[in-house]
Every structure is written in C-alpha cells, then in structure tokens.
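Before any questions on how it binds or moves, here is one chain, the form predicted alone, in structure tokens.
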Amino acid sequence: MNLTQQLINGLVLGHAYALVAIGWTVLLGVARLVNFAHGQMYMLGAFVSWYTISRLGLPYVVAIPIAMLAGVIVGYIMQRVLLQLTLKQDLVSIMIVTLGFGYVIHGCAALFFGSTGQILETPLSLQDIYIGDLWFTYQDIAIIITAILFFIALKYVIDRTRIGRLTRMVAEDPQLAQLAGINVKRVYLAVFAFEGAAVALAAALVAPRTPILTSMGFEEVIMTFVVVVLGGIGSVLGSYVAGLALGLFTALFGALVSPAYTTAAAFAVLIAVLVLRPGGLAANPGGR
C-alpha cells in the first residue's frame, strides 16, 4: 500500500464529504431540521450536470450553474410545501415529508434520465497528474480548492454580514426573530434554496469521480449525516474538519481493512465521538 497515495485519496474524499454536507449544515443550524431528500438532491444535481454536458452539448462551466439552478428550484419548492410545518417546528412531519420528497425525486429522475448508470466526464476529470508513483486529477484539485473557498466564504457570511446575523437570530429563536421584524419565512426559503444550490455544486464537482446512479442518494445522505453530527450541529468549521477527518479515515480504513466495512466503521467512530464529546468535534469541553 502506498501510504502517501491513500492520504491524497483521503484528502480529496474528505473535501468531497465536506462539500456535500455544507448545505445540510446550514439547514440544521438555521431551520433546526433535517432534509432526508438531501441525497436525492445530490443525485439530481449529478444527473443534470451529466445531461447538460452529454445531451445538450454545453461546456462544464455552464453545466455547473444550471445544476445549481435546478437545486435552487427544488429546494424552494420543497420549502414552500414545508413552510407551515417548519414554522410549527413539527419535526416528525417534516422528516416524513422530506423522505417522501426524496422518493419523488428518485422516481422522476429514473423516469427522465433512465435507470442506467452514467459517467460524467469533464475536461478536468480527464486530465491526470502523476508525481512519481502518486496519481490524481485536476478534478480532485478543483474539489479541494472549491471546498476551501466555499467554507471560507460561508464562514465570513455567517459571522460578519447582516445576512448571517439574521440567520443566526432565526436559528436561536424563530418566534422572537419574527417579533423583531425579521421575515422568517423568507429566511427559511433562502436556506432551503441555498441547500439545493450547495448540494448541486457538490454533485457537479464530485460526481465525475463515481458512476452516476439513481440509487446513489442513500449513501450520500448517510455520509452527510455522519459529517454534520461529527462536526457539531450547525458548525461550519466543524463540518469541514469532520469531513476531512472522515475522508482520511475512510481511505485508510478501506486500504488497510476492507472498503466493504467503511460505512459501519464510520458509524462506530461517530458513536465513540458522541460518547466522548456529545456536541461533536466543534464542541467546547469547557462550556459555551
């Protein structure tokens, strides 16, 4: 086993996990709810990217914003349907409805794109880089750079801008924020639209590394859940660190033990971390 190669694989995989999870991190941090259609939205973004390039003949740089637009539309429609449940904080109904949305997206994607797996090839994924025995692609570099820039920008927006202050107020107390004159409905709609755009961006960047299947959403939502919980609910920095750590762990575990047990091992790590640090990796052991 080439340890350096596995570390590179883990670095790329970790940034991919973090990028896929970022929309869910913001959703949990602001709306205090889980979207179980997140994986299917990822799958849809991947298929839209593939269709735009392979069937419409448009360049990759155009396919990415088109996929993001599709994600925004799906996220907006979903929250319009869920709005009253969100305002009531009816979490059980929200989980059921988002799970149903996931199956609807899955069925529509299978009907429109077909159930056959596809390969998304981009100008970046076709360019290999060799450094001695080490191998990676320009697509891998794009994933890492985009993830880092995305997290830096999001951290700045949440901590330093008026939009960030409004979203934090809604996250802390929606009723009080509404009494303060904040349009809570608009904030919720914006957060769901952002989640859709973020997961579609992740799909357009990460999907070239794997076959695109209509069934791919389940594994994505599982790994997203692990990253978000490990990082601490709603913590942007925590999600980045957790995604990176999970990617390195998965790559090394798959090489040293077996790729078949990586998901089980990831949940074992999740259980261990939550026992030792219930707030996740971002928690402050000494208090708030």
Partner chain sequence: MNSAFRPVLIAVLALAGFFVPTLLGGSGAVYSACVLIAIFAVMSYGLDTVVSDLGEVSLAHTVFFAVGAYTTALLSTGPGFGPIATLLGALVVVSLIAAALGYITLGLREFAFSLVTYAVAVVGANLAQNWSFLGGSDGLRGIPAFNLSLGPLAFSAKNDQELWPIAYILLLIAIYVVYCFRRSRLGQAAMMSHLNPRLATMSGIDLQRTRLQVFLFSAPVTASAGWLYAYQRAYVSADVLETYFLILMLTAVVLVGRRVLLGPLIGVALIQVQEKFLSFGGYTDKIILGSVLVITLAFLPKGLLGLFQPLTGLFARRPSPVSETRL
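This is a predicted model, so every value here is computed, not measured. Positions refer to the first chain, counted from 1.
Just so you know, the form predicted in complex with the partner chain exists too; it's not on screen, but the next bit is about it.
Chemist: Between the options A251, V229, A245, I64, which residue brings a heavy atom to within 4.5 Å of the partner chain in the model of the complex?
Modeler: Contact residue from the list: V229.
Chemist: Could you work out which of I152, V92, I129, L176 is the residue within 4.5 angstroms of the partner chain in the model of the complex, going by heavy atoms?
Modeler: Exactly one residue meets the criterion: V92.
Chemist: Every residue in V34, L270 and L274 with a non-hydrogen atom within 4.5 Å of the partner chain in the model of the complex?
Modeler: Affirmative, all three are within 4.5 Å.
Chemist: Would V48 count as a contact of the partner chain in the model of the complex, using a 4.5 angstroms cut-off between non-hydrogen atoms?
Modeler: No, V48 sits far enough from the partner chain in the model of the complex that none of its heavy atoms falls within 4.5 Å.
Chemist: So in the model of the complex, is the partner chain close enough to F225 to count as touching (4.5 Å, heavy atoms)?
Modeler: So F225 counts as contacting the partner chain.
Chemist: In the model of the complex, does V221 have a heavy atom within 4.5 Å of the partner chain?
Modeler: Contact with the partner chain, yes.
Chemist: Evaluate S115 for contact with the partner chain in the model of the complex, applying a 4.5 angstroms cut-off between non-hydrogen atoms, and reply yes or no.
Modeler: S115: contacts the partner chain in the model of the complex.
Chemist: Hey, of 156-164, 180-188, 99-107, 142-150, which bit sits against the partner chain in the model of the complex at 4.5 Å between non-hydrogen atoms?
Modeler: Contact criterion met by 99-107 only.
Chemist: Just give me the residues of 242-271, first to last, that have a heavy atom within 4.5 Å of the partner chain in the model of the complex.
Modeler: Heavy-atom contacts within 4.5 Å come from A260, Y261, T263, A264, F267, L270, I271.
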